[in-house]
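Here we start with a single chain on its own, the form predicted on its own, put down as structure tokens.
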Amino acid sequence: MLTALILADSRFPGGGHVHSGGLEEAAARGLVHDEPSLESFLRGRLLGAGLLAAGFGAAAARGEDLGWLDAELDARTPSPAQRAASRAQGRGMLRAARRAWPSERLDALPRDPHQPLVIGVLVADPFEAALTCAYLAVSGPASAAVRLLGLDPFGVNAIVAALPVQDVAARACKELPALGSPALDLLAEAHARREGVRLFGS
């Protein structure tokens, strides 16, 4: 459980702080501008991309074939920008993890792994891995909303606390999801093509 807590901590040096999970592009388009619109965005992200990540985190923790899982997660992530962001966060997390928890188990991961697989291998308990993935799917964008929109951090934290993160994690342990998040895919691709100053990498 301590490993899961450390991975979910925004101070963990895994590079997650440079990714907004689509929030930056959504804010630039006026789709997220206040607490109610943020709550809607985060709920949708949790039930789509969050459930997908949680399912793969749980499967990796169960010891399923990591190469197969990596290919399957690619297949379920049609946006190249989304795949690149997942792998960038996986690389960052793996680099920090090798220093914190040296283990041969990390060597079993494919080259340039998706973040949920790294979480699954590190956490080892399927529910805790799923919970970590689901939480990270919303905590990063929530933090980005405070930075980008100047929203009240207490209000944003209350939104995250009210989301059904545990329910999503429990569901993710029962099946390997094959969900799509087309709006997030479109936002990710638009963000990748956006010219000018960007605060976040994705």
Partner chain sequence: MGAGPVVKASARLVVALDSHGNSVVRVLRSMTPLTLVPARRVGPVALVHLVSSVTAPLGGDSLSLTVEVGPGASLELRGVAATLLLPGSSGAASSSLVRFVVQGSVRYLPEPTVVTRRANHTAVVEAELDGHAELLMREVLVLGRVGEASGILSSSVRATRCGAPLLHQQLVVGDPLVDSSAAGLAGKRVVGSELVFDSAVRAADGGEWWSVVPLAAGGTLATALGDDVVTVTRVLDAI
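Fair warning: this is a prediction, and the values are worked out from it, not measured in the lab. Positions refer to the first chain, counted from 1.
Below, we turn to the form predicted together with the partner chain, even though it does not appear here.
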{"property": "Interface stretch in the model of the complex with the partner chain - options 27-35, 58-66, 154-162, 138-146, non-hydrogen atom within 4.5 Å", "result": "27-35"}
{"property": "4.5 angstroms heavy atom contact with the partner chain in the model of the complex for residue 91", "result": "no"}
{"property": "Any non-hydrogen atom of residue 166 within 4.5 angstroms of the partner chain in the model of the complex", "result": "no"}
{"property": "The partner chain contact at residue 72 in the model of the complex, heavy atom, 4.5 Å", "result": "yes"}
{"property": "Residue 13: touches the partner chain in the model of the complex, heavy atom cutoff 4.5 angstroms", "result": "no"}
{"property": "Contact check for 76, 180 and 186 against the partner chain in the model of the complex, heavy atom at 4.5 Å", "result": "yes"}
{"property": "Those residues of 36-61 which, in the model of the complex, come within 4.5 Å of the partner chain by heavy atom", "result": "40, 41, 43, 44, 45, 47"}
